[in-house]
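As C-alpha cells, one chain now follows by itself in the form predicted on its own.
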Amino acid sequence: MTIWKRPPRLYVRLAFLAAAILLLWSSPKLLVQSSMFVAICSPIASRSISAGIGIGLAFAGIALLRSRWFCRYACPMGLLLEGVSRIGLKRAAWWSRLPQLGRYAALATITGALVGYPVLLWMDPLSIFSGIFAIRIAADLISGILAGALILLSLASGTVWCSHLCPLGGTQELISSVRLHFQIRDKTSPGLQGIAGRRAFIALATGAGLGYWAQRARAMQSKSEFLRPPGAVAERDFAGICVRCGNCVRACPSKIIHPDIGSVGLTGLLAPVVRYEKKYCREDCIACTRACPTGALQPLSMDQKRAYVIGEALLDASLCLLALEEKDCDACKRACPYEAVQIHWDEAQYVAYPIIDSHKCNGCGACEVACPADPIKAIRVWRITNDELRITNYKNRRD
C-alpha cells in the first residue's frame, strides 16, 4: 500500500521533510550527518570522528532492528522522488529484475573509504537533497544536477532509485543482514549469505581499485589555478571525502565558494573551489569549516584559520601598474589584512613594486580583489600543489 493511501505515514514523512528543511537553515551539517551511509564511510576515509555522526550511527542502530525504516519514514529525497514518480510518464518497471545495486554501491564505497577514497559517497541522498539548496545564481545550477538527474529518472522509471540504486537504502540492507544472520528462529533468512558471492566480491574489489586510482589521480593533480576552501584536507583525499552537499557554499558570507564545473577534472566535479572575483576570504570568518559534515574541511578555530594556507599570492610585475609606472598604486598593500604586502623601492632599477611576505600571507585573496589591473590581475593567488609544503607552511605560521 502506498503512502498516499496511508495518511498517518505520510504525515510522519512530511514531518521529517519539514525537519530536514529546518536543519538546512539552522544546522545543515547535522542533516547530512544523519545519513548512516555518511556516518559509516566518512570517518573511515578521513580517519577522524566528529560528534555529529552519532545521529547517523543511532539511525543505523534502528536499521539493525528494522530494515529500510529510514527510506519508509524519514528520507526527504525519497519523499520528493516518490511524489515526482506519481506524475511520471507511462512506463514499464523494466528495473524490477535488477539486483539490489544499492547494497553493492555501499560495499564499494566502504572499501574505497578503507583505502582513503569513498568513491560513491557523493551519491548519498541527503547530500543530494542538501545540494539543491546550494543554488544561488544561474552559474551554480549545476550543483543541482544530481537531484535533477534523479527527478528525471523518477519521471521515466518510477521508484528505481529508491528501491534498487540508492546506497543509503543499500546500507540499511547491509546493516539489517547482520541481524538476520544471527536471528536463530529465522532459518529461511539469507542473512549475510544474501550479500556474499561474486557480485559482492566484484563490488569490494571495484571500490578498492577505484578508490586507489582516484586517490592517486588527485595526488598527481598539478593544476595551480584552483583553490580549496580553508581547512581542506590534502587534495588526494579531498574530492573523495567531500559529498558535494553545498553546505560550505551556503555558509560562506563572501560568496567566494562555488561548485566546480569540471576545471579540476572528473574526480573533482562539483567539489567546492574558491574564486576571488569581488570579495576575499575574510580573516574573521570560519563558517565553511564549521559547516562541512564529513571532514573534507576540517573545523578550524579563528587563529588556526588565519594560519591556514589557502594558496600563495604571486606578483606579475609585467602587469603591475605601479611597476609599469602607469599609476601610483598601493591597493594591494592597503587591502591586505595580514600586512603581508609591502611596497619596495628598487634603487638599481629605479622602480617601485609590491613584495609579498610568504610567512605572513595565507592566500586570502584580498590583494587580488583590490588590484586595479584589468583584465588580468597583476597579483593573483595560486594553489600550492605540494600538499606537504602547504601543511608545513601552515604549521610554521601557527607556531
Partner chain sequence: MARDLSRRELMHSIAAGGLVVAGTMTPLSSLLAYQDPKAVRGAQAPTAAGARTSATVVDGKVIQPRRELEILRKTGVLVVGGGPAGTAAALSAKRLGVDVTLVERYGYLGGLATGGLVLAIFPLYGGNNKPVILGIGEEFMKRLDKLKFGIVERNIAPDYPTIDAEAFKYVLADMVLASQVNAYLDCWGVDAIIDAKGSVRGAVFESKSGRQAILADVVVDASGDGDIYAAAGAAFEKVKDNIGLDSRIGNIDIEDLTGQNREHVTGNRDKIQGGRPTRGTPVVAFEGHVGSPTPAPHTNWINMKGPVADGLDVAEVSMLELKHRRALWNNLEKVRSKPGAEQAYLLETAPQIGVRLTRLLAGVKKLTLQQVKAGTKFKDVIGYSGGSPEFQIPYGCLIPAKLENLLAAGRCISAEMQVAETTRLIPVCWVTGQAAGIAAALSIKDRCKPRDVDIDKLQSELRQQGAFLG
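Positions refer to the first chain, counted from 1. On a predicted model such as this, the values are computed, not experimentally measured, just so you know.
Keep in mind the form predicted together with its partner chain is missing from the figure; the text below concerns it.
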Item to complete: Report whether the minimum heavy atom distance between S318 and its partner chain in the model of the complex is within 4.5 Å.
Response: yes
Item to complete: Indicate whether its partner chain has at least one heavy atom within 4.5 Å of a heavy atom of R334 in the model of the complex.
Response: yes
Practice prompt. Would you check, heavy atoms only and a 4.5 Å threshold, whether K327 touches its partner chain in the model of the complex?
Written response: yes
Worksheet item: Though only this chain appears here, would A352 touch its partner chain in the model of the complex if you measure heavy atom gaps against 4.5 Å?
Response: yes
Worksheet, complete the sentence: Among 334-342, 35-43, 49-57, 22-30, the stretch whose residues bring a heavy atom within 4.5 Å of its partner chain in the model of the complex is 334-342
Item to complete: Residue by residue through 252-289, tell me which have a non-hydrogen atom within 4.5 angstroms of its partner chain in the model of the complex.
Response: none
